[in-house]
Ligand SMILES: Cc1cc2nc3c(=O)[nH]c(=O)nc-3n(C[C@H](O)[C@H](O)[C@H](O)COP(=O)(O)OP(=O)(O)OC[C@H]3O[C@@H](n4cnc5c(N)ncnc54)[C@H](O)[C@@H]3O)c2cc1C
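Listed next as structure tokens is one chain, alone, in the form predicted on its own.
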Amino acid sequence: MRIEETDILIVGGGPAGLSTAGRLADGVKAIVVHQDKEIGWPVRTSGGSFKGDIDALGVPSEFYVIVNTAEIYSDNRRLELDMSSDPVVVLDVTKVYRWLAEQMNAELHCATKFLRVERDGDGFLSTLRTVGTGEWQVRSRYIVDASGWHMAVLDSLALKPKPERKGVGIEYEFPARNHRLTKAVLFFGKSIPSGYGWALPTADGSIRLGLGQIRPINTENPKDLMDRFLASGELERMGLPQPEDFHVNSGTLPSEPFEKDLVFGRVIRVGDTANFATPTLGEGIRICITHGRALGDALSEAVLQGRDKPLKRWEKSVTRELALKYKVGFWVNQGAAQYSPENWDASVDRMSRVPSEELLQFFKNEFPPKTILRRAWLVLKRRILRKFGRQTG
């Protein structure tokens, strides 16, 4: 079979892989392979993010709608949240991904599945299969795993197994018709065990209604979960319409603790493969773009200078920014996944007593020092009580 030679092979055409390719320097040869037939379609994420971060990344304003208000529901509580201090945006995911693809300094192959990779001297020989043309190979000096929860490269090289704990989501996107949605809605409780639901407006006037759950805590089929929710009467309570003429978006992402090992020699993981999505709400496009671009800079330096130290600097920089707050966020994630409906009622009551700016920071997975200390004390307290209980029992 034919073999192509390149400096870098990037496996995955999501925001992390595309952003990495978008910052590669002239003189660096790269190939991006993407399993879907098109960039940005089908949609695998709801596209929620935050305006300040998205604007700082240069995303055009016509690619999103701004949302200043959110309503948060549990089974017996309702809270209205003013988000004008740090507005949420709902991205047109397809347009954003294609905008990122336009900036790539790389050769793109869609409808191409990564099959396997083997070490080839100090580089790699990867086998791929493209729809309509069959199998071919790429010999590369570096390989970037941006394949998401599949962890295709890491799994093939036995560097990391695929995640066991995952967030699985289903979303119905449908025309708003006579129900113009101007708010975001988050809901928790008995309708969505071990997860949460959302309703978001889009720039073209449609509504995205979704549910996400943690596996293996909840192994129910997402469509069955959605059907039961739609029949529950909760939409009427939230002032939302029943979906009609909808299409289905779905996605899966790792829901495991952030790990510091991002660079394995000349194999680098980025994006969902590296657990970049926030543990609190599973939101990560802005984070994937930010650190994907930084990885592109580091790879350019590594290729052009013939040394791998820039990759370790990138790894250290990402770890310094994410490790602690993602650890706190994962504590929150683990606790919330076990919540009962009564716990969620109590949680919404607590949210109502927190200033809106602090609650928004929580949803962004940004924790002030006092919050980190409080969470650490609670964890330590539980451990002491468990140990004391075992000794006295």
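Only a predicted model underlies this, so the values are computations on that prediction, with no experimental measurement involved. In this text, residue numbers run from 1 along the sequence as written.
This protein has a second form, the form predicted together with the ligand, left out of what is shown; the following refers to that one.
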Interface membership of residue 45, the ligand in the model of the complex, 4.5 Å heavy atom rule = yes
ask   = Any chance residue 343 has a heavy atom within 4.5 Å of the ligand in the model of the complex?
value = no
ask   = Is there a heavy atom of residue 9 lying 4.5 Å or less from a heavy atom of the ligand in the model of the complex?
value = no
query = Is there a heavy atom of residue 283 lying 4.5 Å or less from a heavy atom of the ligand in the model of the complex?
reply = yes
message = Suppose contact means a heavy atom within 4.5 Å; in the model of the complex, does that hold for all of 160, 279 and 328 with the ligand?
response = no
query = Of the options 253, 83, 303, 209, which one has a non-hydrogen atom that comes within 4.5 Å of the ligand in the model of the complex?
reply = 253
query = Considering the ligand in the model of the complex, which of 318, 214, 288, 311 comes within 4.5 Å of it through any heavy atom?
reply = 288
request  = Tell me the stretch among 182-190, 239-247, 108-116, 215-223 that has any heavy atom within 4.5 angstroms of the ligand in the model of the complex.
outcome  = 108-116
Partner contacts in the model of the complex for 190-222 (non-hydrogen atom within 4.5 angstroms of the ligand) = 198
